Each structure stands twice: as C-alpha cells, then as structure tokens.
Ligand SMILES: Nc1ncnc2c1ncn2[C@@H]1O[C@H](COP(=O)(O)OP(=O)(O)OP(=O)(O)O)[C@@H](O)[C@H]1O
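As a starting point, one isolated chain is supplied in structure tokens, in the form predicted alone.
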C-alpha cells in the first residue's frame, strides 16, 4: 500500500480536483483499490463528494452516512486522532470499519474531513506524538479487512501537525503547479520548506507536474512551456542537492469544465489521455 499526498501551499492550483480525479482514474481505469483521505479542514473534497451522488442535492446516501454513522458513532478522522493521542500503553484503540470508511464504489473508498480539524494547532494534542499518527493509521487500515493499493491524501494548504504526519509517511508527494511566475520559485520554496519541517525524517520522492496548462493548437503555449522549463531547471537543482524530485512532462490542460467532472459518478472519458500520462509518470517514479 503506497501513500500519495497532493500538496501545494499556494491556493487555486487545483490540488483537490487533481487528487479526486486521479484517484478515480486509478480506481476505474486501472482497476486499483484506492482510498482517499481528506485531511483538509476546509473540507473542499468532502463537500464535493456530498454533492456527487445526486448532483445539486446534499440529502443523499453519503450525507446520511456522514451524519448518522460516521459522526454519530464517533468514527471521524478527528476521533481517530483523539484515540491515538490518548494512547498510553502502546495500543491504538480505533477499529477500522464501514463507519470510518465510505465505499463510493467497489474500488474507490473515502474518509471525509471534519471542520473541527481547525483546532489541531491550539495545543489540544501532543504535537510530537501527532507526527506519527498518519503512519499508525495506515498501519491500522492495512491490517483491517480493507485492502488498498494506494491511499491518496488531500493535504491542507498550510503546514499543520497533521500534514507533517501525512507528508512524513507518504511514498510520494505530488505537487501541481500552474503556468505562472510562481511556478519554479514556488517549487523550490516548497521543497526547501519540506526539508526543514519534515526533518529528521527524509523527504519522500516528489513528483511535479503542470495543472491548468494553457494550450494553443494542442500544444503548450510559449509562455506555459517557458514556465515549465524553468520549473524543470529548479527540479534539477534540487536533485543535485540530493532531493528525489521528478518532473512529469504530462500536463493537465486548463478547461472550464474540469470541476464539473468531480460530481460525476464515473471518471470522465474526455480526460483519459491526460490522466493516463500523469498516472504512468507516477507509477514509474514509485517503482
């Protein structure tokens, strides 16, 4: 079971959309067993999933499960963190069952977020202990009746104790960048920040790709290509410094309808080619 965490501290890069569609692609097109965990207190992915099964309606099967089973039975991500924080004898007492994990489809399962994750930074939990939470949770999941090939984390757009925990146990960090002046500089700042914050654990493998790429006649515009080349140069510089960072030349083009693809029940076929290239790059890095 390999963990993939999508991260970027710059808002608006399409992090949540990419996480969900990539997970759906792996589950539906590649036949992988996939779990998606929303660790962002903003709950963007969780709210999108609430709208998924009956577009435009909140009162659906997922909403009933979320309120009457997930929250009512105290099986949220925050409840799991509280159980881990209260562990005093080396035993993480939090059974993994269908109250914790929602089954979107046979191959795609989901753990939603809760707004109370905002309180994580108010010294409620032992921060040093929290650093190992995600690793312990993955261990619980791996030894449960559920069986996954990949676990995707939609990470928050800021550095918290929970994001530290996720990033330090992931097999791959996935960084989407946009074709703008922040692209190359942002990648360098993000990687340098990760090195400082995750220490003493090593930084996992990192994959960088362009999202919202601007095209002209099916090819990257000159401006987008220039930003991408600058980003690849930054990746080469970080690689010379010992960071395992890999730019993926497959890109996701800018389309006004891509967010509309999230509520759809199935992965949209008109995005198959783009996500196929991105997924191939990810699998190549993870080998």
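These figures come from a predicted structure and were not determined experimentally. Positions refer to the first chain, counted from 1.
Absent from the display: the form predicted together with the ligand. The rest refers to it.
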### Query
Thinking of the ligand in the predicted complex, which stretch from 62 to 70, 37 to 45, 237 to 245, 224 to 232 has heavy atoms inside 4.5 Å of it?
37 to 45
### Message
Quick one: 3, 32 and 107 and the ligand in the predicted complex, is every residue within 4.5 Å by at least one heavy atom?
### Response
no
### Query
So in the predicted complex, does residue 254 come within 4.5 Å of the ligand, heavy atom to heavy atom?
yes
### Task
Examine residue 268 and determine whether its closest non-hydrogen atom to the ligand in the predicted complex is within 4.5 angstroms.
no
### Query
Could you tell me if residue 211 has a non-hydrogen atom within 4.5 Å of the ligand in the predicted complex?
yes
### Query
residue 277 near the ligand in the predicted complex, any heavy atom under 4.5 Å?
no
### Query
Which one of 26, 258, 49, 220 is close to the ligand in the predicted complex, taking close to mean a heavy atom within 4.5 Å?
258
### Query
Which residues in 2 to 36 have a heavy atom within 4.5 Å of the ligand in the predicted complex?
10, 11, 12, 13, 14, 15, 16, 17
